[in-house]
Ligand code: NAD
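The chain that follows stands alone, in the form predicted on its own, written as structure tokens.
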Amino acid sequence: MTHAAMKLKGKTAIVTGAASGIGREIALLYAREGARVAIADLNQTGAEGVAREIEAAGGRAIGVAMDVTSEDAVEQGIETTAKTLGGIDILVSNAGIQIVKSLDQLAYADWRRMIAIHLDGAFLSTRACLRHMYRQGRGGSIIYMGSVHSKLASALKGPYVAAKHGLIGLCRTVAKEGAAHRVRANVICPGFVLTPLVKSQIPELARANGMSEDEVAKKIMLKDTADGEFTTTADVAEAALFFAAFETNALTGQSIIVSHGWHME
């Protein structure tokens, strides 16, 4: 791949949940900007497909099978990435799912699954990458995929809101601990992005609220945005590039909201 001024040339990045949606968009942009990229996903076939897409365009990428809730799978996947692609410079902790249900009806197993994927997965991938970044001595960037729900709450999304709030705290701790090693940590907080994950919520919310799917989009998802527009995967990827390419600790422990003005602070 050729680019006038590659912002991530010589860097190695691992993106979890990168077989589709936001993760895929970030991986493709990172590759265009010169990074070697590990596509980590529970869907190994999908991960390898994105890696082939990057390689076909002249980049360097591998697909890595990874269940982010498995300590062994995370350790092995990150070790494979470091050995194959030359260390770890950037982690994008992006893997996630959604379950829409009121707290009084929520099964404990679903609560635990949500926390395990969003929060435990972030911890496990962070710990493994920090060990490489500290040993390498060349700094690094850890980026968490939060949400506007890292800042506020919505009904029917208890475990998601709790986990996304938790990522802010984890990020701030990593920023404090990583600073001596020039490792930065930041959070991206997107609004509603029309990924398969969000599209799957629309009929669920329509049933729960007695609305049509169009009404859900306009009256629930986008009602508080400045312009009534969905955020795009490209919007979020550009924020991920900004954090990854920023070279100093001047920008660490922060969160950026990418939501068409849904939430402002």
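No experiment lies behind these values; they were computed from the predicted model shown. When you see a residue number, it is the position in the sequence shown, counting from 1.
What comes next is about the form predicted in complex with ligand NAD, which is not displayed.
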Triplet D41, M66 and G96 all within 4.5 Å of ligand NAD in the predicted bound form via a heavy atom:
yes
Just to confirm, with a 4.5 Å cut-off on non-hydrogen atoms, which of I78, A163, M145, V183 contacts ligand NAD in the predicted bound form?
M145
Could you tell me which one of I62, M211, V198, L222 places a heavy atom within 4.5 Å of ligand NAD in the predicted bound form?
V198
In the predicted bound form, segment of 88-96, 170-178, 133-141, 103-111 with a heavy atom within 4.5 Å of ligand NAD
88-96
4.5 angstroms heavy atom contact with ligand NAD in the predicted bound form for I117
yes
Could you tell me if Q254 has a non-hydrogen atom within 4.5 Å of ligand NAD in the predicted bound form?
no
At 4.5 Å between heavy atoms, is V193 in contact with ligand NAD in the predicted bound form?
yes
Heavy atom to heavy atom, is S20 within 4.5 Å of ligand NAD in the predicted bound form?
yes
